[in-house]
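The chain below stands alone, shown as structure tokens; this is the form predicted alone.
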């Protein structure tokens, strides 16, 4: 069964369920898994976050439920149409497509984009389909370079022949076909500026690897692309971030999954990912103490939250890093490595770290 056929089948099953309830004189309802920390579990064996069994019922004939019920059904109807005509809309465009007035009323289906975004996520967990399978895309936000040739929508693209910009990673990477891969590993980084440094230095060619970046937290498209390269083609994933709570959290999301998307961990999480970013020891080794940026209250609060996460709580090396960070009372960015030389990160930092297996899992 193709991805298109699977999506159509699940949407049809949802529609038939509701129709049968109506024909039987029942109050039609949607059974929606709860997407909050209280219903998210850490699977120690798989090393990923998973959504639990708790759910809530949303009934059509319920004054407090009906608005969200209708919003979810409108998204389902739109997704059905998009899949049939094989076209896609952005999250913003879905909002406008749903911003219409219900016949015979002065009530709009949605008033703001958060409502349509929430309805899309509800449909994901109800139908067990990803947003991308529903033909809804987010903005592109990432780049890749390396000796990989892919096929995308019939076009053959060589990631090593795209100049300074690299390949712009789309929102939906599910249907990308990998035609040729000549790389030993992948370096993922949280900042586009660092990617540009590595790309200009041709790190992907010199180290026979792939370099991928986003701008901050990785998009779903990037996470799915990384997972596919790791699981389908056995490429190790090394995550390069700053020495701060936010960089550590970016690694956490890539490796274990996220609380809000625990229902998609099987398609997004990369349990084998390794942390190659700055550590407390690196700061001392490379004499970066003077480059420290003092923490704000929000940084310290985030650090305390990270320490208590189940997936970090019993890991000595991570607790050690949290302790060093708290003692430092500040963060150090990867960009600070430029104080050691323009291409120090490319010529010394990364080669040494990988050669010495100086990473954290």
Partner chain sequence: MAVTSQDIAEEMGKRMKSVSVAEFFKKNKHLLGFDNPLKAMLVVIKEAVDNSLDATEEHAYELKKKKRDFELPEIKVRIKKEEHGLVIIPKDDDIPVADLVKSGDSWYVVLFGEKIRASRVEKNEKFYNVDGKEIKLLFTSAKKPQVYVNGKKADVEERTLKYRITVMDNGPGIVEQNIPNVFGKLLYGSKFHRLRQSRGQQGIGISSTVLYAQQTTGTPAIITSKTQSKEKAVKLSLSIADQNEPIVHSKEYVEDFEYEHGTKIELVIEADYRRSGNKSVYEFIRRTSIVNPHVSFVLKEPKKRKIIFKRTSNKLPEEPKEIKPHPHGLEFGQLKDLLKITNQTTVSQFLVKELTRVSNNMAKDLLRKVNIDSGADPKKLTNNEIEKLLRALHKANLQRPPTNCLSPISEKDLRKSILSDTNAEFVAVSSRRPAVYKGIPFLVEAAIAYGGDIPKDSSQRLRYANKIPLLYDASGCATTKAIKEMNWRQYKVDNVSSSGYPVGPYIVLIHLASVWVPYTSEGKSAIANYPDIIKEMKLSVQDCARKLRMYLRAKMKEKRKQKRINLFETYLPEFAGSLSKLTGKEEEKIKEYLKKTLSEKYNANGDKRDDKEFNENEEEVDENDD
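The term rigid core refers to the most C-alpha atoms you can superpose between the two forms while keeping them within 1.5 Å. As the structure is a computational prediction, the values presented were derived from the model and not from experiment. Positions refer to the first chain, counted from 1.
Form predicted together with the partner chain: not shown, discussed below.
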| query | finding |
| --- | --- |
| Heavy atom contact within 4.5 Å of the partner chain in the predicted complex, the stretch among 141-149, 193-201, 206-214, 98-106 | 98-106 |
| 314, 41, 54, 62 - the one with a heavy atom within 4.5 Å of the partner chain in the predicted complex | 62 |
| In the predicted complex, the residue from 37, 293, 298, 66 that sits within 4.5 Å of the partner chain by heavy atoms | 66 |
| Residue 76: touches the partner chain in the predicted complex, heavy atom cutoff 4.5 angstroms | yes |
| Partner proximity in the predicted complex: residue 26 to the partner chain, non-hydrogen atom cutoff 4.5 Å | yes |
| Contact test in the predicted complex: residue 352 vs the partner chain, heavy atoms, 4.5 Å | no |
| is_contact(residue 338, the partner chain) in the predicted complex, heavy atom dist at most 4.5 Å | no |
| Check all three, 15, 22 and 70, heavy atom within 4.5 Å of the partner chain in the predicted complex | yes |
| Per-residue C-alpha change between the shown form and the other one, residue 28, threshold 2 Å, rigid core fit | yes |
| Rigid core fit then residue 17 CA moved by 2 Å or more between the shown form and the other one | yes |
| Core-aligned C-alpha movement of residue 65 between the shown form and the other one reaching 2 Å | yes |
